[in-house]
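Next comes just one chain, in C-alpha cells: the form predicted on its own.
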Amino acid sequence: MTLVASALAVLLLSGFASLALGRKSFAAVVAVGGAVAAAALGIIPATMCLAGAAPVSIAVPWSVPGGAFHIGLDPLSSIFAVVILAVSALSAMYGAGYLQGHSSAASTGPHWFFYNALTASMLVVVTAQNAVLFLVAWECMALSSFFLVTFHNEHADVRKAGWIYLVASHMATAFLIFLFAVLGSRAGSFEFADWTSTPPAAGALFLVALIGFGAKAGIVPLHVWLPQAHPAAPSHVSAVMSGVMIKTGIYGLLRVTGFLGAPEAWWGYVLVAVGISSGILGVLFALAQHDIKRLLAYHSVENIGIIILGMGLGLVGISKGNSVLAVLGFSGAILHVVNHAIFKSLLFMGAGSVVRATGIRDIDSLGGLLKSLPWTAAMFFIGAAAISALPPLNGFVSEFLIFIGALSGFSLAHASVSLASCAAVASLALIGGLAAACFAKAFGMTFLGEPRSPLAHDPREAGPAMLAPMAVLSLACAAIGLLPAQAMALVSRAAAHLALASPVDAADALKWASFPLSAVSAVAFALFALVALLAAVRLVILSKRPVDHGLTWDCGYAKPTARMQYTSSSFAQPLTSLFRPLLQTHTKGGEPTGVFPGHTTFSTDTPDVFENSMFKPVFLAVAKVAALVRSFQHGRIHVYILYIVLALLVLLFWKLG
C-alpha cells in the first residue's frame, strides 16, 4: 500500500505544481507526468493483488470524528484501481495534445489541478476502508469533476450542464450519507471491516444504495445529468468521466451490497429490471441523437445497464444457491466494467479528434473524414465494433459471459428465475442489434460519404500525443477479445468473492464459458488473418501493374453530392419510428411526394422524456417556492435582527408554556 499512497501523493503534488505554474506552458507537462507516474506506482500493487497476493491496507490516524485515513486493496478494489489509473494516465496524455493551442490553453493550470484531484479522489473512493473517508473522497470527486465539466464556462449551455451535474451529485450524496449513517451507527464504527452483521431493513437500505450509487452510475431514470455533462466537458475529461468515474457508482453498489447480509432474490430481480430498462432506453436514445458526444453519453447509460443486469443475475444466483449463475453474472459485470472503460474512452477520444479537427459535433454536418483522418477513423471503428459486442473484441467477451450466465438460469426449477433469464437474453440481443445500428450511423455519417459542411473539408489528423493513447486502447480491445481466458482469470477472484463461491467453483464456472469464447475468438482471428493475407497477396500482384482510380458506379450519377446521402435522422428513422412511444421523437418535414418533388426537408429531435416529464416539473416547482422565500432575503440587516428577536420570543413563550 506504500506504492498506492505514493501514487496519491504524486497526483496531488503534481496537481498543486500545475496550479502554481498556472499560465506557464509546461503546467500540462507536470500534471501529465504526475498522472503517468502515479499510474505506474499504483498499478503494481493492484496487479499483484489480482495475481493472487494477499489483500493489504494502511491506516493513518485522522482527527476527524469517526474517520481514519484507512485504505486497502483487495481483488475488487484492485480491478477498479487499475482501470482508474490506466485510463486517467492515457486520457491525460491525450488531453495534453487536445488542449494544445486551444483558446483556453493559457489557463490550463487550474484544469490540470482538478484533473489530478479527480484521479486521486477516485482512487481513494475504491480503496477506502472507512465510511467517512469514502464520503470525503466522494465529495472531492464531485467537486473536481464539476470544475472540469465547466472548463468552457464562457458558454451558457456548459454552465447549465455543470449545475445539473452538481445538483444530481449532491442529491445522490444525501442518500449515501443516510446509508452510511445508519450502517455506522448500528455497528458503532465507521470502519467497513466492522460492518459484518446483517442490519435490519436491509432491503430498504439496498434501495437507498441503489438510488445513491445509481445516480452516479447513470441508471434510468437518474441519468439525466449524464447526456448534459459529457458533451460539455473536454473530450479527455469525457473519457475519464464516462470510462471510469461513473464506475465508482458500480463499485459502491457492489461493496455496500456485501455489508447487507445474504441478498434476497427480489434484489436481483430489481437490478435485472433496472439493467434491462437502462440498456434498452440508453441505446434507443443514443440512436436518435445527432451530437456525437451526446450519442456516446447515452451509450454509457446503455452499458451501465448491461453491468447492472449482470450484477442482478449474480444476486439471483446467490439467493437461489446457483454458483454458476452467480459467478458468470458477476464475472461478466466486472469484466464489462473494464471493457467499457477501454472502448468508451477510445470512442470519446476519437470523437474529440473529430471535434478538434472540424469544430463540429453534429454528425449531420460531417462526412468524408476517412480520407483526412484515417488513423482516427480506424481506431474509432475498433471502438464502435467493440461496444457493439462484435467478436473478436473485448465487448463480446463480457456480454457473452452475462448471456451464457442467463442461459444457465434456465436450469433452475424456478419460474421467476427462468423469466428473468429469458428477459436478460432477449434484452442483450436487442441491445446488441440496436448498438450496431447506432454505430453504423455514427461511423458512416462521420467518416464515409462526402463532406456535408464546408467546415469539414480541410481537417487534419491528430498528433502523436492524441493518437498514441487511442492506439493503446485499440490494442487493449483486441487483446482481451483474443485472450478471453486470461481476461476472465483477472476478474475470477473478485467474482468468486462477490458470488460467495470458492475459487475452485469460480474457476469451473468460467471454464464452462471459456471454451466457446476461445473458439469464437480463434475463428475470428483466423478470418482476419485470411483477409490480411489476401490483401497482401493482392498488393503484391498489383505492385507491377498500373492501377487507375475512378468513381464507383452509382446508378448513373457521375458526381454525387452530400444531399444524396443519408442523414442521421433518415438513417435511424425506421427504428426511431418503431420505438416512438418510448422516445417521443419530434419530426419536422416529410417525405418527398409527386413525380417531380420540390424542396423537402426531414429532421428529428428527441429530447429526454425523463428530464422533461419527471425532473423539470419538480425543479420548476422548487424554483417557485424558492422565489416566494426569496422575498424574506433582501439584504437588510435590521430586518434580519428582527427575525432573530422574533425567533427568541417564540422560543421563550414555548419554554414558558
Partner chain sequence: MAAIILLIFAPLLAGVINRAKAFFAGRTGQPLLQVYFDIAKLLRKGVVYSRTTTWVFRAGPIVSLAAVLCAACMIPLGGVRALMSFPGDFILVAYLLGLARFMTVLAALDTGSAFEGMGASREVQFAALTEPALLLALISIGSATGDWSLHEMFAVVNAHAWAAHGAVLAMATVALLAVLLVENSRVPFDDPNTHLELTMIHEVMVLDHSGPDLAFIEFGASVKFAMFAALLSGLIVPVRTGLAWVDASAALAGLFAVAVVAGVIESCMARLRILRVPQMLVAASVLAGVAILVALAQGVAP
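Heads up, when I say rigid core I mean the largest set of C-alphas that superpose within 1.5 Å between the two forms. Not measured: the values here are computed from a predicted model. Residue numbers count along the first chain shown, from 1.
There is another form of this protein, the form predicted in complex with the partner chain, and it is not shown here; the text below is about that form.
_Every residue of Ala440, Leu542 and Tyr566 near the partner chain in the model of the complex, heavy atom within 4.5 Å_ = So, yes: the whole triplet contacts the partner chain.
_in the model of the complex, the residue from Gly433, Pro199, Pro503, Pro110 that sits within 4.5 Å of the partner chain by heavy atoms_ = Residue within 4.5 Å of the partner: Gly433.
*in the model of the complex, which of the listed residues (Ser278, Ser388, Ser77, Ser353) lies with a heavy atom within 4.5 Å of the partner chain?*
Going through each option in turn, the one that passes is Ser388.
*Spell out, yes or no, whether the shortest heavy atom distance between Gly184 and the partner chain in the model of the complex is within 4.5 Å.*
Output for Gly184 is no: heavy atoms all beyond 4.5 Å of the partner chain.
*asked:* Can you work out whether Leu143 and the partner chain are in contact in the model of the complex, taking contact to mean some heavy atom pair no more than 4.5 Å apart?
replied: Output for Leu143 is no: heavy atoms all beyond 4.5 Å of the partner chain.
_Close approach of Glu399 to the partner chain in the model of the complex, 4.5 Å, heavy atom_ = Yes, Glu399 sits close enough to the partner chain in the model of the complex that at least one of its heavy atoms falls within 4.5 Å.
*Is Glu450 close to the partner chain in the model of the complex, meaning a heavy atom pair under 4.5 Å apart or at it?*
Yes, Glu450 sits close enough to the partner chain in the model of the complex that at least one of its heavy atoms falls within 4.5 Å.
*asked:* Heavy atoms within 4.5 Å of the partner chain in the model of the complex: which stretch in 510 to 518, 80 to 88, 175 to 183, 297 to 305 meets that?
replied: Contact criterion met by 510 to 518 only.
*In sequence order, which positions of 525 to 549 have a non-hydrogen atom within 4.5 Å of the partner chain in the model of the complex?*
The stretch touches the partner through Ala526, Leu527, Leu530, Val531, Leu534, Ala535, Val537, Arg538, Ile541, Leu542, Arg545, Pro546, Val547, Asp548, His549.
*Any CA movement of 2 Å or more for Phe528 between this form and the one not shown, core superposed?*
Comparing the forms between this form and the one not shown, which are aligned on their rigid core, Phe528 does shift its C-alpha by 2 Å or more.
_Does Leu578 move appreciably between this form and the one not shown, meaning a CA displacement of 2 Å or more on the superposed rigid core?_
It does not reach a 2 Å shift.
*asked:* With both forms fitted on the core, check whether the Cα of Lys371 differs by 2 Å or more between this form and the one not shown.
replied: Comparing forms between this form and the one not shown, the Lys371 CA shifts below 2 Å.
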